[in-house]
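Have a look below at one chain only, the form predicted on its own, in structure tokens format.
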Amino acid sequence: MSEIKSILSQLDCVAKNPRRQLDMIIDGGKNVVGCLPVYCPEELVYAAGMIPFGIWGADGKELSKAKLYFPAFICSVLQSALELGLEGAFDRMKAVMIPVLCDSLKCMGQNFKAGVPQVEFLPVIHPQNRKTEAGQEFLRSQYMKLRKRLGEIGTPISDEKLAEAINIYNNHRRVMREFSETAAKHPELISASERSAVIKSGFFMDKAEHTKLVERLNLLCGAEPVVPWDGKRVIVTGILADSSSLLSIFEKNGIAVVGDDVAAESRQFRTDVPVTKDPIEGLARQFADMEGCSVLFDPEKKRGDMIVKLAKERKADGVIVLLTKFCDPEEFDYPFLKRAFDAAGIPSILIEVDRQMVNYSQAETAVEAFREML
């Protein structure tokens, strides 16, 4: 039990101190490339001998410089990320990759290029018609451009190095899926905050090192007996679910997170990269294989049914939708989600979240009422 707590504490420290972790990696002789949401091809960075480093903004970050570039109605994930860049937080990085999967992200890259010229901006252009042959060919061409430039910044990327990186990342995805199942079985060992920290820390560590720690954690927790949980079990969905204030409210009310459909959590590791002769083709196919994400073209609206299935598998009592303020893709998805939950008889609640929020008293009242309803 003490080793379990030791690993959880170590990963929590990484999750809460990304700047210190960044400095440790660079001081240790590794170059770093920043990766903004949602789907940067991190394997290309890793294959170039560098460490991908997640950039998801910061809670409670006062916005001043970023307001010169963004209007007030842009989501706080990007506003706070740009604020950090303008303050020099990414100056030690070799480059920053920025996808363009939503309208706000389309502005983010050019604003970053203008405001943070000392850090190279690498655009990641994904096709929305990602399942078509033309979409796949376009994405392969974009990844080839990134492969060339990242190889110039770091070390040249051979097919062998990229295949090895894909294998390391697929192994990490497998271990993280196992962790999600383990946490669902042992809410008495892994709280909502600790579950979040284990996942979040993976953005700030060498994937191979993070995999070893989480694999050991899975083994230790799996050896513990499964005991009844006298609280409530929920699935969480949204872009972010890492607010310490909000997660502490869950814990206070005896609510365990037994699964998620969160952009910064399970959406990152639920789809493997297919092993193909051409590893670039595998990376492109992975993007085509992804389902149930608000920023991906999904005419069949599969996300709601996917969450319902997960809720039934994990024996969840309800679903908590954490809606990131000013996130249009998530707002567009909500009516379809609500319809799916109601049709399945699964209780749900909507809570608006924001990186700028410091007072979650309204959310606390809503969570308390939801728990009583469950």
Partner chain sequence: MEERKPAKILLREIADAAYQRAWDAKNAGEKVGWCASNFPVEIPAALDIPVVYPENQAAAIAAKGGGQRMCEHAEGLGYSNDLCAYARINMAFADLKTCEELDMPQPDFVLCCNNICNCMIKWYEALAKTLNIPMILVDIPYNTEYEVSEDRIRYIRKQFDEAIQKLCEITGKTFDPKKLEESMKVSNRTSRAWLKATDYCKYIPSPLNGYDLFNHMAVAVCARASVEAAEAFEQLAEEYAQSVKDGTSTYRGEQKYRIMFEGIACWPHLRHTYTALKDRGMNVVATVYADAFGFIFENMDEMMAAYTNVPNCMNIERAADMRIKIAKRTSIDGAVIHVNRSCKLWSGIMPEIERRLRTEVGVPTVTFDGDQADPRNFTPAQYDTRIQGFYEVMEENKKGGGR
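Positions refer to the first chain, counted from 1. These numbers come from a predicted model, not from an experiment.
Not on display, but discussed next: the form predicted in complex with the partner chain.
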Worksheet item: Within 4.5 Å of the partner chain in the predicted bound form: all of Pro123, Asp298 and Asp328, by heavy atom?
Response: yes
Worksheet item: in the predicted bound form, which of the listed residues (Met290, Leu213, Cys107, Ile153) lies with a heavy atom within 4.5 Å of the partner chain?
Response: Cys107
Practice prompt. Using heavy atoms only and a 4.5 Å cut-off, determine which of Ala184, Met205, Met97, Ile74 is in contact with the partner chain in the predicted bound form.
Written response: Ile74
Discussion item. Which is the contacting stretch out of 215 to 223, 156 to 164, 129 to 137, 240 to 248, given heavy atoms within 4.5 Å of the partner chain in the predicted bound form?
Written reply: 129 to 137
Worksheet item: Hey, in the predicted bound form, is Glu209 touching the partner chain, heavy atoms inside 4.5 Å?
Response: no
Worksheet entry | Heavy atom of Glu42 within 4.5 Å of the partner chain in the predicted bound form | no
Discussion item. Quick check on Ser141: any heavy atom within 4.5 Å of the partner chain in the predicted bound form?
Written reply: yes
Worksheet item: Pro335: heavy atom within 4.5 Å of the partner chain in the predicted bound form?
Response: yes
Response to the item:
Within 99 to 116, the residues having any heavy atom within 4.5 Å of the partner chain in the predicted bound form are Val100, Leu101, Cys102, Asp103, Ser104, Lys106, Cys107, Gln110, Asn111, Lys113, Ala114
